[in-house]
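Given next, in structure tokens, is a single chain: the form predicted alone.
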Amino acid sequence: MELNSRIIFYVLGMLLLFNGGFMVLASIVSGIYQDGATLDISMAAIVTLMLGVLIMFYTRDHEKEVKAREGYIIVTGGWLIMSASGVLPYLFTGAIPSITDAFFETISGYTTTGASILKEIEGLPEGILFWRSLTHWIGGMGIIVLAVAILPLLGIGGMQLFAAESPGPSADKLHPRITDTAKRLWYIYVGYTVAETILLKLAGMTFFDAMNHSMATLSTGGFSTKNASIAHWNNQPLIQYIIIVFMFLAGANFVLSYFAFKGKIQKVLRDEEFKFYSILIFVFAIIASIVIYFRAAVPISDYHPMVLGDLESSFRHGLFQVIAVSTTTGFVTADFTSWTPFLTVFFFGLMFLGGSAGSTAGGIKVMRHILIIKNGLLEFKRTLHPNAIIPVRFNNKTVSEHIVYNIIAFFVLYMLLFIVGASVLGFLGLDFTSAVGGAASSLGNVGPALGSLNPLSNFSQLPDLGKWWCGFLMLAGRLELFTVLILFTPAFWKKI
């Protein structure tokens, strides 16, 4: 069957309109703060909007059906075209004059990785800082999920797009109609963002900082308006505790938030993944806090040093960093790689955890870990009872073998891509610690890494080829590997 290329370009054109519209919003913010970048950001918006209109106009005569192959191309192509057009505000304003650096910053935003090449953040115009935060706020829930709520109005089905983009092993639906599911997810996403903005403002942040950090938190992106990230507020614990709460919510399945708002609390508490996710966060936070309290021999931050043995501070920093790394948000209150060698390895391991399925977090995801562990333990029983049929169960329901095989395949591919990713970075000149840290962070959409890419440094030191490679790892990780890697298989392009 021929590939429906016209519908692909038509949807990509529509995504450019979305991007251009968000650039207009950034230019308005720029105008409000009179930062001198308003005209340049507006020009970037005009170029993006015009390109989107032209593409949609020339592909308006198309078959209004998105099939599986078109869905995969649209999702991957959508992220690429959003990132490619998203560089324009940086280039037009001169905030990031290098195309390579601008693309790295942009795709890091859209994939909610939060890795940066910027050395001086606080000197940037407010409009650019807002655009930078917008990129990962858009990418957080997924511009494709937003699009599926609009596509039916144009007579185009969106189920294939939602299935290809939705994070996690399965796409949970709150409503039989996919558009209603997408709308409900966005209502929750926007509602949380507004709530956190208000709370952070009341806690002492400026409105601008509160707004940007809320977008960064709910998207699990991690871009900050301060050079020191959240360490800038190390002397204001309330701000950090508010961010901790919303990072936890962003890393949990958004479907559970919907059930909670509907009063179905028991459904949330009985959810196996949520219980596992909560217990892991609690246990890991206690471990980190104890080690920090008794063993951390260096200041928590150069900005607001911690007195060794301060119980509250140890707990707060331990909890904050565990949640930030586990949910792949990537905010930092300190260089956790300088605390102790144990904690360096500890946080490296957390980069592979990820949040819940149906969250905005990256990484492998808690649900996959649960099912892999369960299947591994059941292999002992199957060995003892080879003729018995012993299925994997999740939330008291049998998990099909197809899903189990899919998850095992995902895990194998993830680890292989991590090894290849680290090898390429090593080939480009990075030391072992920096290479494995950079690969794990990029693929897991975490942000801060290890070695020379530690939380108090950034990715600016990478060679240009290394930045493009990390951009590829970010995209593959954000779109759950298969969506991107399937495009490299010959079978995908064969005519059916």
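One rule holds for the numbers: they count along the sequence shown, beginning at 1. No experiment lies behind these values; they were computed from the predicted model shown.
Not pictured, yet referred to below: the form predicted in complex with another copy of the chain.
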*asked:* Considering non-hydrogen atoms and a 4.5 Å limit, which listed residue (Leu238, Val245, Leu413, Ile265) is close to another copy of the chain in the model of the complex?
replied: Leu413
*Just give me the single entry in Lys226, Arg393, Arg270, Lys381 that has a non-hydrogen atom within 4.5 angstroms of another copy of the chain in the model of the complex.*
Lys381
*Among Pro97, Glu122 and Phe274, does every residue place a heavy atom within 4.5 Å of another copy of the chain in the model of the complex?*
no
*Counting only non-hydrogen atoms, which stretch in 22-30, 65-73, 459-467, 41-49 is within 4.5 Å of another copy of the chain in the model of the complex?*
65-73
_Contact label in the model of the complex: Thr181 to another copy of the chain, heavy atom within 4.5 Å_ = no
*Please run the contact check for Leu80 against another copy of the chain in the model of the complex: heavy atoms, 4.5 angstroms, yes or no?*
no
*Using heavy atoms and a 4.5 Å limit, would one call Phe472 a contact residue for another copy of the chain in the model of the complex?*
no
*Wondering, does Asn406 line up within 4.5 Å of another copy of the chain in the model of the complex on heavy atoms?*
yes
_Members of 406-441 lying within 4.5 angstroms of another copy of the chain, judged by heavy atom, in the model of the complex_ = Asn406, Ile408, Ala409, Phe411, Val412, Leu413, Met415, Leu416, Ile419, Ala422, Ser423, Gly426, Phe427, Gly429, Leu430, Asp431, Phe432, Thr433, Ala435, Val436
